[in-house]
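Given as structure tokens, the chain that follows is alone and in the form predicted alone.
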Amino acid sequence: MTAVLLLLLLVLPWIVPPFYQTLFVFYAIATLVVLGLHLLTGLAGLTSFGQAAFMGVAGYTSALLALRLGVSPWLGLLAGLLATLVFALVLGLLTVRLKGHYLPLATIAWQVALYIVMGSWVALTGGRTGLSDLPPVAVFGFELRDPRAYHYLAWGLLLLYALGLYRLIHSRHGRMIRALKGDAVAAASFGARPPSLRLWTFVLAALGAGLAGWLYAHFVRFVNPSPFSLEASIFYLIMAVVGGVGSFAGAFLGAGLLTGLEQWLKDLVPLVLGKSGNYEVIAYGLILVAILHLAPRGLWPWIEARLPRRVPDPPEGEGLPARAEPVEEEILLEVEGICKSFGGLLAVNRLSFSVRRGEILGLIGPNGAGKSTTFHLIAGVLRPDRGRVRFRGQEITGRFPFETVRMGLVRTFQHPHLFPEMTVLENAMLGTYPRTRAPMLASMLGLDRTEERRAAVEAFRALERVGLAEKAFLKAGALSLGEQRKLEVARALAADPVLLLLDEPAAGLRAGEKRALAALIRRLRDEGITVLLVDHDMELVMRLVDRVVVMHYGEKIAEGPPEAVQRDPAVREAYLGGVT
């Protein structure tokens, strides 16, 4: 199928009239912008109304260098992309941390501001009149002056950018970018640095738009502010939504459909109504409403759901290297006098305990005892007001989760933090992130394929350990609650844990599922994994753990073997309401 499409791209300029040759160049330019929006909005969940501004930065940079300094368009491309990179880094550092509607509002603000600058700085940009007579792009001395020749340049650059993005999306970075959209805390707990990852996602989308702006400028050989307006940015976003902003193929489908639709309606509507005017806007809006009503998630997901799906073969071969340094410490985790308050509420008060290598330690208490807060203080989600936490002899107090997971401190969550649109295997592969090293550029160049195969093998083995291998290629959203709990454990196992923190893993499970979970935890302990278990199911905990720490109102009231703790009057009073 891919070979057929590539052959079609090669012969297309020779079999269509000049109008459609031009249209296909504009289609390639639009797809560059929409692919960036697929990465930024569809996968990372960051909505931008300013992609046309990045087109303008690269387009004007190359145009000014060519006209004022006589610089080659190819050097103008490098300068334009560099200017786009700097502009995107500055804006990204200021805005990607914004949440909710603030980021879209910020993108609108810079888009409008840049449009005003382009239209008002007459001495530099030519104002509304713009800059004309830009030199054509030359390849080996041959100037690309007609759309047929330019077609190969535009689509060649588009396919290179698309290939890089596709490889990135199906890499360790791509999985984490998708995870960030759904749950930044979970992504950070498996080694991601959310602000940094969001920033570089923003920059990559901007560079795609910058490349599109350069192609546009040297294709029409003229720039003015109109193609780089807020209206243009909204139009590109509509293309992404119509095609399916969360699907890679949807970027091509949406860009192609709306690029053609806009031109065809301008020709067809006057013929139907018999008079001129802006009636095509009305028809355009009605067609868009009909498309989104038929396919709310976009056209490509609607089409894909009706296509036959091939189940991949299970990954085989060598997995990732195990943790290099042996675990020799007798005491893995030490919690010393930690305190945490929220306003006037003292959630944890001078709590101290330790976890020994090779044991299952239970942390229990009634609802509101401070168990989850303690768990977050250990995992690095919260920072204690006082006290210290040490792991394998190193102080980790206040360290970020992406740091502690690399040391072997791996956690699950009270409520399953999974990503339903990703497969079971992809969810498990998130756990391999701290064990893999390929940088983003290496992933885009395809230099991480060996590491990716080994990560897939490692994740599949983790699924086998918890009994989910047969469901590896199903969407995680199709799993039952008990299977979701197992998947969380498998994802943690893929991270090669030294100490596994289980946050209420039995919550919501039926009796049979709890027994299966207990058997799994015991098996993991027998394999050499130390477990800290936080749960309020006293019956499960007492049958499973080696030692118990009991909390009440943020304080430790008992510690010891399960049998001794069960006989403790303070525990029976606090936890069981005084029942004897």
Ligand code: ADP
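Heads up: residue numbers just count along the shown sequence, starting at 1. Keep in mind that what you see is a predicted model, and the values were worked out from it rather than measured.
FYI, the form predicted together with this ligand isn't displayed, but the following is about it.
Stretch 362-370 is the answer when you ask which of 362-370, 233-241, 255-263, 303-311 has residues with heavy atoms within 4.5 Å of this ligand in the predicted complex. Contact check for L447: no non-hydrogen atom falls within 4.5 Å of this ligand in the predicted complex.
Remark: F142 does not count among the residues lining this ligand in the predicted complex, judged by a heavy atom distance of 4.5 Å or less.
Though the partner is left out of this view, A347 does reach within 4.5 Å of this ligand in the predicted complex, counting heavy atoms only.
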